[in-house]
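In structure tokens, one chain follows: the form predicted alone.
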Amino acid sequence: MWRVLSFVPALLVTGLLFGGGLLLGGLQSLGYAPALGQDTLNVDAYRQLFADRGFWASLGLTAWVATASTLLAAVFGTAFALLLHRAGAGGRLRFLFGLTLPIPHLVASILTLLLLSQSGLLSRFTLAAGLTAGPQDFPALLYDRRGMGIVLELIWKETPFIGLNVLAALTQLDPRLNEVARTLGAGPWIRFLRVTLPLIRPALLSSGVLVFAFSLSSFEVPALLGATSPTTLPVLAYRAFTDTDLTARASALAISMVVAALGGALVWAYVRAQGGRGG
């Protein structure tokens, strides 16, 4: 009981900060802006938003970026975790694997820009190696409509996060389970699917949900590496919020509420699935 009560102050502060922000944002998305003489609630911002093709294009791009980066980071993170676990990697190798974790996404985006742009380091290397005749021959990975630069940066940053979580789960794995499966004639792929994957699934899912939620709401990465149009929902919300027309702020908050609702629905589905599995 006392242990639960010890969390109450932190929960109250968190609830007031995030709950208050969501409440205020929700009210402003419904047109409540006393400073502008608007004190009646309406759904005009949502109606205009859902009728705008640009919003749906941004929603599609946001969903694609979050899904692709999460799935690929999960695949690469799991593969690296399995390699490190099989090699019996110690603390030094694990430290090197997670070396990119403390790097802020803003700095990582700038590094991606310097590396992958058509005038970047990789383009110059291919030119020096005779693989390309100039920057125009290097594939345009940044500022493209498919968000490839955004996906690559998120994969680079989030692969160690998922990999270290999976590696921690692998260290708890009883090696006798694989040995028993091997004696029963199971090959490496079958042992991974039937023995290893079910045991690392909780760590894989929990870290994947966090990566997806972050990718869904990431602003600095698509702002630096993404195309002007379509852009992701957080960038679209920022543009509307900084518009000189103050009445556009209701649209900005409506977009933010949509992003928050998508993230909340994802977390709710995950918690519900975990609860059902535990029950």
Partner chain sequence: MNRSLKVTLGVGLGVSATLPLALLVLWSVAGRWYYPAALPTEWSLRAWQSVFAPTSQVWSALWGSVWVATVTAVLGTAIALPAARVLGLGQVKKRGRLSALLLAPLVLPSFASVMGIQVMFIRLGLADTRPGVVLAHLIPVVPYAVVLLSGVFGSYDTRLEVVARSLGANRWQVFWRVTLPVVMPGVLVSVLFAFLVSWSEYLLTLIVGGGQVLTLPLLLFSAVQGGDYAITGALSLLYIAPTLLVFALIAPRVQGWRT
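Predicted, not measured: the structure shown is a model, and the values here were computed from it. Positions refer to the first chain, counted from 1.
Not pictured, yet referred to below: the form predicted in complex with the partner chain.
With the partner removed from view, the residue among I103, L131, V180, L173 that has a non-hydrogen atom within 4.5 Å of the partner chain in the predicted complex turns out to be I103.
Between the partner chain and the residues L121, I190, L197, L71, the one pair within 4.5 Å by heavy atoms in the predicted complex involves L121. When contacts are judged by a 4.5 Å heavy atom cut-off, V65 does not count as touching the partner chain in the predicted complex. Under a 4.5 angstroms non-hydrogen atom cutoff, the partner chain in the predicted complex lacks L30 among its neighbouring residues. Within 4.5 Å of any heavy atom of the partner chain in the predicted complex lies no heavy atom of Y46.
Remark: W156 counts among the residues lining the partner chain in the predicted complex, judged by a heavy atom distance of 4.5 Å or less.
Across the proposed site, F97, L111 and L115 without exception bring a heavy atom within 4.5 Å of the partner chain in the predicted complex.
For the partner-free chain shown, V209, L210, V211, A213, F214, S217, F219, E220, A223, L224 of 193-230 come within 4.5 angstroms of the partner chain in the predicted complex, judged by any non-hydrogen atom.
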